[in-house]
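The chain below stands alone, shown as structure tokens; this is the form predicted alone.
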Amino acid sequence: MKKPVRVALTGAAGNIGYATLFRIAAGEMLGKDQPVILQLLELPVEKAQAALRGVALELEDCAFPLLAGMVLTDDPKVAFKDASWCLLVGSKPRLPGMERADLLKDNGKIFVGQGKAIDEVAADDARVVVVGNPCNTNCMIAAQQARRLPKSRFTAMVRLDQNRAVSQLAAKAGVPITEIADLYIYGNHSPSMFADFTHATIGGKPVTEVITDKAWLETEFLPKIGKRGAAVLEARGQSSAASAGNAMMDHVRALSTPGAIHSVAVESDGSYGFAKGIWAGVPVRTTEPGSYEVITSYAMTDFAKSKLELTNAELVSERETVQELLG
């Protein structure tokens, strides 16, 4: 039996936590032979802590062979202690009437504290995945607190957009999901993101040869992916949870699999015209478990460049909004 890996997850009693913790404990994220210790963080209020205890009771009742232990806490330094994977799911939701700038600043304060705690107490091999929105900028804020861990260890999730885009292309073309390849997400995890269909393939053929309706690709497909979260919220009265949790697991699995090519939001080095220092979605290749290299070889069309400019501008604006939290 392998040595257990410590996995920290914030907002653990929330919908995404509930949708994923049982799958993580069953080995669906890190492997069917990898024991885990779940270190679960919730708000320091009795209602949240009671819900967390309930989740832990259910995890115990599942008798997962790979679940080697649990830690329940409201203290980030306890939750992140010696953790190799820090999954930052919890964040303050946007409430009616709240300005985006206020949301950015309120959540930014949370991720300042969590970034400092991770850098102080997490394992030397710690990897951080930010899911809580606005995840790109929250990730940038958390990474800015790090002194011990390199910023490349901090990634934000755009895999949900990738999964949504793959699903929609497959449905439009009337083919299985497995026929879609090389579809990657650029920029922000927001309606401004760019799902690059210009390099994607369906059954080995360029998307534009299989789906010849250019207007659909440019004016229906992209907005549908960008606004999918709002559509889910309107339909079920709650934000995406199971699909977001599933994408988080895909994100971790791909980062753990050498050779995997996938979409990840990482610190920009200027590739694809993104401003240096923001966290932007790009295609990456996993080089070794937990490490990656950005793929910079894709040549963009004028249409794609116009979309990249828009999402870059939004990310730069978000950075300006939270500048006071970046030190």
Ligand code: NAX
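When you see a residue number, it is the position in the sequence shown, counting from 1. Source: prediction; values computed, not measured.
Keep in mind that the form predicted together with the ligand is not shown, yet the notes after this line are about it.
Heavy atoms of no residue among 262, 281 and 308 are located within 4.5 Å of the ligand in the model of the complex.
Among heavy atoms of residue 16, some come within 4.5 Å of the ligand in the model of the complex. The ligand is not shown here, but in the model of the complex it comes within 4.5 Å of a heavy atom of residue 132. Mapping the unseen interface onto this chain, residue 239 counts among the residues with a heavy atom inside 4.5 Å of the ligand in the model of the complex.
Heavy atoms of residue 114 reach within 4.5 Å of the ligand in the model of the complex, making it an interface residue. With the partner removed from view, the residue among 294, 26, 56, 43 that has a non-hydrogen atom within 4.5 Å of the ligand in the model of the complex turns out to be 43. For the options 68, 48, 275, 300, the one in contact with the ligand in the model of the complex, meaning a heavy atom within 4.5 Å, is 48. The stretch that touches the ligand in the model of the complex, counting heavy atoms within 4.5 Å, is 154-162, out of 154-162, 117-125, 171-179, 217-225.
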